[in-house]
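In the form predicted alone, a lone chain appears below as structure tokens.
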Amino acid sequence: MNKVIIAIDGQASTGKSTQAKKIADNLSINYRDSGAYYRAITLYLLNTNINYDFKISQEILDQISISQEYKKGNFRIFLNDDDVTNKVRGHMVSLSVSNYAKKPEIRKFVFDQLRKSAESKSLVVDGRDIGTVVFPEANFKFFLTGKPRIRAERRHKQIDDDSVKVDIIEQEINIRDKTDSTREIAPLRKADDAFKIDVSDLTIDEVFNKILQKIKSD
């Protein structure tokens, strides 16, 4: 396969990362989780008590080193050499990440990381603005959507914490959808040439087959 860029965008908790990993495995290409970059940055800023209302200076960003590793179905993300794969999926990070991710200085930081990753190799990337902003020239673009309640139930299974109620997660997902789609910088939207998939009533394998069929048919 010649060098390709595959962008998988969509709403929160629609399985973007799961699908991107499966595509990366099937096609034997590299994978990057753009959301994990934002989550790692959010984790760092929360831990250092830097509020999202503050301007994040270059001096602060220079203290953040993030790397990702995906091998044989195992994804790991490192923040300043510490494995934070589980921590970035924590409830507080999930609740705060949209507020940090809308900041232009943070978005530029992540854009630069992603574009550098694709300079010489094929890549599948998931996120919210990959096909519209980061890689508008991507060879294949997909946009995943789903009913908020179903997405909340999936997120609830991920965090595995009975003290967090599905109703609360659903409210937070609705807020996050609004935040993502109305932010001034790179709002969440479907690229004109993206293939839209509603995952609400589909299994993981059914979504995967739709994506793979589209890639292999073009």
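Just so you know, these numbers come straight off a predicted model, no measurement behind them. So that there is no doubt, residue numbering starts at 1 and follows the sequence shown.
Omitted here: the form predicted together with a small molecule. The next part is about that form.
Asks: In the model of the complex, which of the stretches 63 to 71, 33 to 41, 47 to 55, 161 to 169 has residues with heavy atoms within 4.5 Å of the small molecule?
Replies: Comparing against the small molecule in the model of the complex, the contact stretch is 33 to 41.
Asks: Under a 4.5 angstroms heavy atom criterion, identify the one residue in L144, L123, A101, I77 near the small molecule in the model of the complex.
Replies: The option sitting close enough to the partner is A101.
Asks: Contact between R89 and the small molecule in the model of the complex at 4.5 Å, heavy atoms?
Replies: Judged by the heavy-atom cut-off of 4.5 Å, R89 is in contact with the small molecule in the model of the complex.
Asks: Answer for V97 alone: is it within 4.5 Å of the small molecule in the model of the complex, judged on heavy atom distances?
Replies: Taking the distances in the model of the complex, the answer for V97 is yes, it comes within 4.5 Å of the small molecule.
Asks: Quick one: is R183 in contact with the small molecule in the model of the complex, heavy atoms, 4.5 Å cut-off?
Replies: Yes.
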